[in-house]
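Here we start with a single chain on its own, the form predicted alone, put down as structure tokens.
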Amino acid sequence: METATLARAQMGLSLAFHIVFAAFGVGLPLLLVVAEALADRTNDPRYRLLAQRMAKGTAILFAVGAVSGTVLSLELGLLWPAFMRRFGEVIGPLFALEGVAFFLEAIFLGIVLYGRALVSRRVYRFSGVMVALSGAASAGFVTVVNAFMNVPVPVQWDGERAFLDQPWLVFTAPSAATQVVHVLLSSYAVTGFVMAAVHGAALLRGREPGFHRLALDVALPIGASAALLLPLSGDFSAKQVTAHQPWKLAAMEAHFTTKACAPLLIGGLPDEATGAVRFGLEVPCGLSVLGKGDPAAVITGLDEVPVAERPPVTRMHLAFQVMVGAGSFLAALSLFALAVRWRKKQWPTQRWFLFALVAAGVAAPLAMEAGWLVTEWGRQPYVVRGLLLTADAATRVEGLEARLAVFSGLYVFLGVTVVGLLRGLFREPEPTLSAKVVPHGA
């Protein structure tokens, strides 16, 4: 295999593993803050116990996320030296800010984990909020790096090195705002639904129904709200992509021919050789409405994109369909759950709904992974769109097969370890009203 292909495989594996833990690093602290707030408001010790368990889970996932994130930072230099050499001055400040946010998150997480009995309730609550804000900021800074790679702002050149006279201009990358919002909402949806799935599975087994129903009061409002906001965020993203990345929209929708009143394709299997799509359902003028808000609008097709610069159409289209399908399932389930909660003042607990919650715990991270693939494949064949080809950015060092095998083993080890630790956490004795709760300090 070519070194560029192996480098992409290793980086893709690392990112696919890390992205889920990064999502939990954003979402779990928010759930923890909500659980603590409900405990203060209701004086129900079960909320406090739930928060204590979530703090332990946050520590486990934070540690694994830190390890996998460190690996990624090393891989940027080892696998993509030309990228870092040419654009390091542009994206370096963002990684520095991400590092500051990461350390803030670690400091305040230490207080959350070990300071409950040592600090006041106000300080403890503030620490939880800071963990949530730092986690969101950390994800936001890294997402801006990705936004710059997708649609770079104009840069100056010093020989082969790019730089910005005003480093903050990197935040003005056209896709930065929409990508950051979408990433944060996705993280909250993933965390909320995975947590709801865990407690839904416990309810199916009949374990402490009172406690696990109470846990849904923390997980479902956040997961469902994010799932319902994601289609709105996706609509803004679609319009941004139409304006600034027309090749990406064309590949996502397998839209081969430029035309007005372009149809929206649901499903289908593209044939890149012939430019045809089989087994798809077309919504007349749907793509024109989605992309430009006008059914008569002209949407650029792949026929206006040089073949050598086209993203992988079939893979992108299928990943996009998975993302939309899984997201639609989450949104529909959220609407039903919130409607029942509003009418009956409690979450639905029918067995079919609990099974649907368990399925949602799989669908949410699946949608996130598929959306990430759409974003990354949509930039190809460039690392920085229009400025640096992927093939030119990759390392020339050989022997990447061995590295790929080693890192694959590392992720298997980390995955097995985190599953074992979380299983041990879930196997703790079921909490009851009489269980011991660690009090706050004076």
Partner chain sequence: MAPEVAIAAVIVGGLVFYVLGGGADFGGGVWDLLASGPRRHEQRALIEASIGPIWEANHVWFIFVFVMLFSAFPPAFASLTTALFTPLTLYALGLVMRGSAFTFRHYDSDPVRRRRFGALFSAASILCPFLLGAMGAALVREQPLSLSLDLFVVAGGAFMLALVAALAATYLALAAQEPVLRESFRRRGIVSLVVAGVASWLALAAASDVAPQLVARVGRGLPAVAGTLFGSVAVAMLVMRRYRAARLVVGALTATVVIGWAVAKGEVLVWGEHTLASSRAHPATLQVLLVASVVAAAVVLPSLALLFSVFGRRAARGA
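Numbering follows the first chain given and starts at 1. This structure is a prediction, so every number in the text was calculated from the model and none was measured.
The same protein also exists as the form predicted in complex with the partner chain; that form is not shown, yet it is the one meant from here on.
At the 4.5 Å threshold, heavy atoms of residue 406 reach the partner chain in the predicted complex. The closest non-hydrogen atom of residue 188 lies beyond 4.5 Å of the partner chain in the predicted complex. Proximity of residue 417 to the partner chain in the predicted complex: non-hydrogen atoms within 4.5 Å are present.
In the predicted complex, residue 180 stays away from the partner chain, with no heavy atom inside 4.5 Å.
Shown alone, this chain has one stretch from 337 to 345, 216 to 224, 250 to 258, 89 to 97 that lies within 4.5 Å of the partner chain in the predicted complex by heavy atoms: 89 to 97. Contact with the partner chain in the predicted complex holds for none of 16, 28 and 368, as no heavy atom of theirs lies within 4.5 Å.
Between the options 234, 268, 325, 115, the residue in contact with the partner chain in the predicted complex by a heavy atom within 4.5 angstroms is 115. Checking 38, 373, 393, 410 for any heavy atom within 4.5 Å of the partner chain in the predicted complex turns up a single hit: 410. Residues in 193 to 226 all lack a heavy atom within 4.5 Å of the partner chain in the predicted complex.
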